[in-house]
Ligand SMILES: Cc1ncc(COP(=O)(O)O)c(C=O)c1O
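There is one chain below, alone, in structure tokens, taken in the form predicted on its own.
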């Protein structure tokens, strides 16, 4: 079998170990593994299966379509989705026993209208905006959503299963917004209870809060980026041992020896200062390699770090191999766990002026995913 010319190798054993380590941070809570956006670029269905094997009692995705893809892929456990514009396919979600989120009384009404012709009561979780100012009901909107949920529950047309929110600054554990948001969440839960609605699940913690804020664990924690072995913030300190799950690599498509003064790639932004060997790796910005990391990033080859030189192209990057012995087909590691000295996704994020989330999420479908540790 021919090896892929470019592939992302996904270590599912590392992923399971990360899930277990995060679960140990919140032993009194259930764990939801976030597998939205193709599991942050790692592949939704294989990671979802591995998360279940590691003990995740819930899976979380953004859209109804993602939740339905989990069901189509064979997952039968608890699934929550939370991002939907008007016209979302709630009827299919309800029929598939997927839990959906209402962030306003208007959205709850839309869910209930969709559910009316079906024989199943929709399972709905309510989201309150405690300070992130994205989705979720805020202020009077929350009061209206609480009233609508209480009325629908009394009428027997809905099952309110959860109430939740999301931190804005949990990756800065000492940020004062964290205390304010946690208190706002507790107040919102009390308002809901006063209206006669006491769902079984209260959840606020993302990866960062799971690792650093036990007071916010409540009944369930949601782990996303940390489950893939990436720190929520590169400066964040914690005691949880995490291993990056993805290694991105490509096989040299061309190797050439060139003299000093040879210009490389579009715009000739870089030139050799000595005789050297250049290697062409078949990965570029169409595959998700950040173009703004041009002349600032590195890869690994032959046990050494080597610079990525010249403008990053749509399909290709060029590495300066110096005097290392190389031939077509040899493997270049763009990033990985860093355990063998190779760059990490976070190193590439620094070079590109972004965050490691984006580096792994943006990898295109053209990059073949290869899984290790499948059961």
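Since we're looking at a predicted model, the values are computed, not measured. Positions refer to the first chain, counted from 1.
There is another form of the same protein, the form predicted in complex with the named molecule; it is not shown, and what comes next is about it.
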Tell me, please, which stretch of 223 to 231, 141 to 149, 193 to 201, 280 to 288 lies within 4.5 angstroms of the named molecule in the predicted bound form when heavy atoms are compared? 223 to 231
Counting non-hydrogen atoms within 4.5 angstroms of the named molecule in the predicted bound form, say which of 274, 256, 134, 305 makes the cut. 134
With the partner omitted here, the residue among 34, 31, 332, 349 that in the predicted bound form has a heavy atom within 4.5 Å of the named molecule is 34
With the partner left out here, check for me: in the predicted bound form, does some heavy atom of residue 166 sit within 4.5 Å of the named molecule? yes
Closest heavy atom of residue 206 to the named molecule in the predicted bound form, within 4.5 Å or not? yes
Against the named molecule in the predicted bound form, would residue 58 count as a contact residue? Criterion: heavy atoms within 4.5 Å. no
Is residue 90 one of the residues lying within 4.5 Å of the named molecule in the predicted bound form, judged by heavy atom distances? no
